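The chain below stands alone and is given in structure tokens; this is the form predicted on its own.
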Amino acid sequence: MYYRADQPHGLKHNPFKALVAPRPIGWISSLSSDGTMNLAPFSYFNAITDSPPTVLFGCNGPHPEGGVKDTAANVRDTGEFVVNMVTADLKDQMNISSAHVSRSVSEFEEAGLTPVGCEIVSAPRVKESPVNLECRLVQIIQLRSSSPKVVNNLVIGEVVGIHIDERILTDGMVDIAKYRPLARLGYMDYTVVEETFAMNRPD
């Protein structure tokens, strides 16, 4: 089949997210200018460079109380955030933190998670996550939107500090079987990375 992206596709549900999959989940923690801790998962997330290490995530859609989502506002105002990687063991807490709640509510408390201080940035990290990337804002780019209700923000951050739980390391390398990162598929589907294979590059 073929369909134009701006025209009806004729399927039961939009297939776009299911086609671009699996996607890692950036569990972004941030701090508002008044000190409220925020935590939210974003599956439009990935790493883009390694010299320096840089990540990006799409923070799209409005907040139910109006304006941009808390994460976008916090990162814009403070210039900092933390990417906490989601594992299979944290899937339920991640899902709880995805709820649309009042700006005064901290998702850390709602999900029963432990906020701990970082080494460089002021935003808290999730203690239960085995990997935390401390980030400083590089740029927020407002992308074109095809809906008047949706603001599409592309957030780019430089990773300035990395926390790794040594329990997911084997012989000095990240062990995926121990790490078990969670990935987003389409619709309400997820997967867990548990198996890998290696291929040497031709050069």
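Just so it is clear, the structure is predicted and the values come from calculations on it, not from any experiment. Sequential numbering from 1, following the sequence displayed.
There is another form of this protein, the form predicted together with a small molecule, and it is not shown here; the text below is about that form.
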I'd like to know if Val155 sits close to the small molecule in the predicted bound form, meaning any non-hydrogen atom pair within 4.5 angstroms. no
Answer for Thr114 alone: is it within 4.5 Å of the small molecule in the predicted bound form, judged on heavy atom distances? no
Whether Gln93 contacts the small molecule in the predicted bound form should be assessed with a 4.5 Å heavy atom distance threshold; does it? no
I'd like to know whether Val55 contacts the small molecule in the predicted bound form, with contact meaning heavy atoms within 4.5 angstroms. no
Contact test, all of Asn38, Phe42 and His100, partner the small molecule in the predicted bound form, heavy atom 4.5 Å: yes
Only one of these stretches, 155 to 163, 168 to 176, 43 to 51, 133 to 141, has heavy atoms within 4.5 Å of the small molecule in the predicted bound form; which one is it? 43 to 51
